[in-house]
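This document opens with one chain alone, in structure tokens, the form predicted alone.
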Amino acid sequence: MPELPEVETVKNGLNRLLINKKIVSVKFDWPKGFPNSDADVNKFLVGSRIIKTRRRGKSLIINLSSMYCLVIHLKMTGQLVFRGDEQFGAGHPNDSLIGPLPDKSTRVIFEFDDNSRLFFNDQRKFGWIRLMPEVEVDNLDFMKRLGPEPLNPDFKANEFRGRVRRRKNSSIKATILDQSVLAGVGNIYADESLWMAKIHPSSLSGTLSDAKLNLLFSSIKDVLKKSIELGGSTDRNYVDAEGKKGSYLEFANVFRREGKMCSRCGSEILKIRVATRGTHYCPKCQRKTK
């Protein structure tokens, strides 16, 4: 599943190439991946122009001139591939990013008025694109459950502390992975943020001081910003909006570094399971609170 920095990278690429393009046709081969009526497609999608692309949590939202939008979730193997005067591929890094399209993984094709096209490819058929009125997006069940965006300037440390402490008996890693507490943070960036804040991932949320939670709050923001700058992670299934792999994991401090030395203290990085997820940490820097 892509995390916030990967989806933000895709959003930035789409905004660079798709704004003001007019959609002249759409084709799809998998109704579950494009669950929209022909009437809505013909009235609100075909003939509309792309206004902007935005991100909420791990989802993409493409706003249209018709006051409708496309809500997109790439899931595990989704791709968005643009072919025109410029080309880019974003998503699962298989040959569909650079090979002839459509291919056997192509689920949806959008054609624009300049003959460029946007392909939605998805090998495992878990991803989807839903057409709906802009005003209804926030009413989607999964959207209503999403917590604040960690990089939103209006989201402050005191609100973060309050949301974390509602889950005082959960591990801090499980808490920050909970999308109802905080939107968009996944396994990679949870491990990295906890290392930066010197917090053991299995420490109970209720045992952490205000100072520790303030440090974790700033660490999450710093880690996410750094990853966005570097085009996301190379977590085997994500590349950036020009089809180049992100480079964040080259600079990761603990994630997938088990057996290697901690860059801060020299101790051996360990891997355990916390919140059912493989978890990387430094046993010296990140001591568990009691």
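Think of the rigid core as the biggest set of C-alphas that the two forms share within 1.5 Å after superposition. Throughout, we count residues from 1 along the sequence that is shown. What you are looking at is a predicted structure, and each value in this text was computed from that prediction instead of being measured.
Omitted from view is the form predicted in complex with the DNA, to which the following refers.
For the marked spot (8, 218 and 287), a heavy atom within 4.5 Å of the DNA in the predicted bound form is absent from each of the three residues. Think of it this way: in the predicted bound form, the DNA has a heavy atom of just one of 161, 83, 73, 198 within 4.5 Å, and the residue is 73. In summary, among the residues 123, 116, 94, 202, the only one with a non-hydrogen atom within 4.5 Å of the DNA in the predicted bound form is 123.
Residues of just one listed stretch (95-103, 130-138, 185-193, 151-159) have heavy atoms within 4.5 Å of the DNA in the predicted bound form: 185-193. In the predicted bound form, at least one heavy atom of residue 256 sits within 4.5 Å of a heavy atom of the DNA. In the predicted bound form, at least one heavy atom of residue 277 sits within 4.5 Å of a heavy atom of the DNA.
The DNA is not shown here, and in the predicted bound form it never comes within 4.5 Å of any heavy atom of residue 212.
In the predicted bound form, the DNA sits within 4.5 Å of a heavy atom belonging to residue 32. Taking a 4.5 Å heavy atom cutoff to the DNA in the predicted bound form, the contacting residues in 163-178 are 166, 167, 168, 169, 170, 177.
Once the cores line up, the CA of residue 57 ends up less than 2 angstroms apart between the shown form and the other one. Put the two forms on the same core and the Cα of residue 106 is off by 2 Å or more between the shown form and the other one. Residue 31: CA moves 2 Å or more between the shown form and the other one after rigid-core fitting.
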